[in-house]
Structures are given as structure tokens and as C-alpha cells.
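Take a look at this single chain in C-alpha cells; it is the form predicted alone.
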């Protein structure tokens, strides 16, 4: 199978690229800057790199059409970091780029489009998220994701492409962004520093990156997996429990700065997803327990902490997709 991946240089995308190659797929990756491809540097001889971004898709269209992807995995997104979630480019670049990518996929003979949505589409819901809940996003990021999923599904029906939109809650694992909860805590503790924390009462539904990649792959394989689905572990844990486990893995003697940062402004205290719809459609289920995923993540950061020398040292208790 020929696969095009946007966002293939990020944590999730790089893991998906590895999985696709292991499945004997031919893989092209849309890359804005080759210098950002450090997560897949060892794979570059086996990939076809296409220069471009969501903002410059017309310039990349010829190369994409020449590759003729059968499946497009759309994980790329401008401004996924928290500081840019109300940037107007969430709409002008991301939404327009997603719809342009759908048209290019169809013109290239594409048959399946799998996009990565977000829990931010639901807005400030507490408790169990189901696909039937009303979506009330509170940021432009969430609004753009919601619109991309809804309009993309309608457009795909018109174009004759199978369309899957996965609303991911929170992913974690090796090579994650430094400003998210788990990497920030790990890096602080590895430096022998006390991480500054909120109260830690929030409950977050974390999913290990390998399980995320496997779910995305399964979504592309199963004809029944068309439409919108939640993607999570279904087993939330408190921020306090996660941080204490990280502390045990690194150095339990180090202090933890509970309450040194204010709680997040949005009133979300519990974020958990019902994943039964996706499980029924694909048979997928998470395989990596939280304790094992945290152990693997700590081990990777211990060996690669030099890549994060300038990491932000405040833990904001966030990091949901």
C-alpha cells in the first residue's frame, strides 16, 4: 500500500511511519523542514520526502499526485502547542489545508483518508466523552479540528473517499514535545530539579504512542471504521498518580512542587473517553499499560535528554491533543 503521511516528523507521526514501513508499505512524508525530521532520521533512505506544508499544498500537489497514495494519514497541524491554540492560522491554514489535501488525495487516486482530531473539539466537558456529545470547542484549535472533521467527512462523501476522523485525547511516549506534562516532569527530575506543579487532581486518559499508531493503522484497514471515533485508553489516571510514578522511576527522594502553579483556567477536571465505538469497528484495544508506557518513556528521555536542553521547566498539567 502507498501511504502519504502529514505530520510524520512528530511523535505520533514518526511512530506511524515506522509501523507503516514494518507493514511493507511505501511511504511518502510531507516535510516542511528537513531539520525537523530527527525522529525519523534513520528512516530517510526508505522514505519519499515531499517538501511542503498545509500552507503550501498547491506547490506539493504535483509530487503527491506522482506518488499516487492510496491512503492519506493526516496528522500534520500548525499550532498544536498550547501557546498557539487561538492563532487565526488554526482556521486559515489548518482547515483550508485539510480540505485541499482531500482534493489532492482524490485527484491522486486515493481511496482512504484518516485524520487525527482532538478532544478539544468537545470543549470543556467533564467526565466520559462519547461521540454523541454536543461539540462546543473553546479554542480556535478545537474549532478548526471540529470543522475539519465535519466538513472533511461531507467532502469525502462527495469525492468518493472513505473518511475516518479520530478524536485523540492525550498521547504520550518517547520523543514527545518538551512542554507537555510527562516530558516536562521527566526532564526536571532527570536534572535533579523540583518540577513546579498544579494540585494534580485532574484525571487524564493517556494513550501510549505505539497504541495510537496501531489504532491509526487499524482505522485505515477496516471498512467499518468510517466516521468519527474517540481514541484513548479508557483508563484515566490523576496527574498526581502519573507524576508520583515518574518520580519513583527516576528518584523518589526529589521533592515535587504540588500547588506551586495555579490550576488550568478551563474547568476540565476529568477527561475520559468511551472507546467502545472504535473497538467495535476495528477490534483495536490498547496494549501498553500506563506503568509500562511510563517506564519506556523515562528510559528514552534518560538516553536522549540532551535534545531538550532548553526545555520549559514549568509543568502546567496539560498536554491533551
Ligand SMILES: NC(=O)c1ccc[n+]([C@@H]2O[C@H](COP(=O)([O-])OP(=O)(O)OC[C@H]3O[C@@H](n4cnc5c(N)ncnc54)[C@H](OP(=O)(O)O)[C@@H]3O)[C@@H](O)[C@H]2O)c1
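Numbering follows the first chain given and starts at 1. Predicted model, so just to flag it, every value in this text is computed and none were measured.
Missing here is the form predicted in complex with the named molecule; even so, the following discussion is about that form.
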Item checked: Contact stretch among 195 to 203, 232 to 240, 165 to 173, 128 to 136 - heavy atom within 4.5 Å of the named molecule in the model of the complex -> 165 to 173
Check: Which of 141, 208, 217, 122 has a heavy atom within 4.5 Å of the named molecule in the model of the complex?
Finding: 141
Next item on the list: Name the single residue among 60, 256, 54, 275 that comes within 4.5 Å of the named molecule in the model of the complex, judging by heavy atoms.
Entry: 54
Item checked: Contact flag, residue 116 vs the named molecule in the model of the complex, heavy atom cut 4.5 Å -> yes
Check: Heavy atoms within 4.5 Å of the named molecule in the model of the complex: does residue 297 have any?
Finding: no
Notebook entry, point to check: Is residue 244 close enough to the named molecule in the model of the complex to count, meaning some heavy atom within 4.5 Å?
Noted result: no
Item checked: 4.5 Å heavy atom contact, residue 26 to the named molecule in the model of the complex -> no
Note to self: Within 4.5 Å of the named molecule in the model of the complex, counting any non-hydrogen atom, which residues from 1 to 25 show up?
What the structure shows: 7, 8, 9, 10, 11, 12, 13
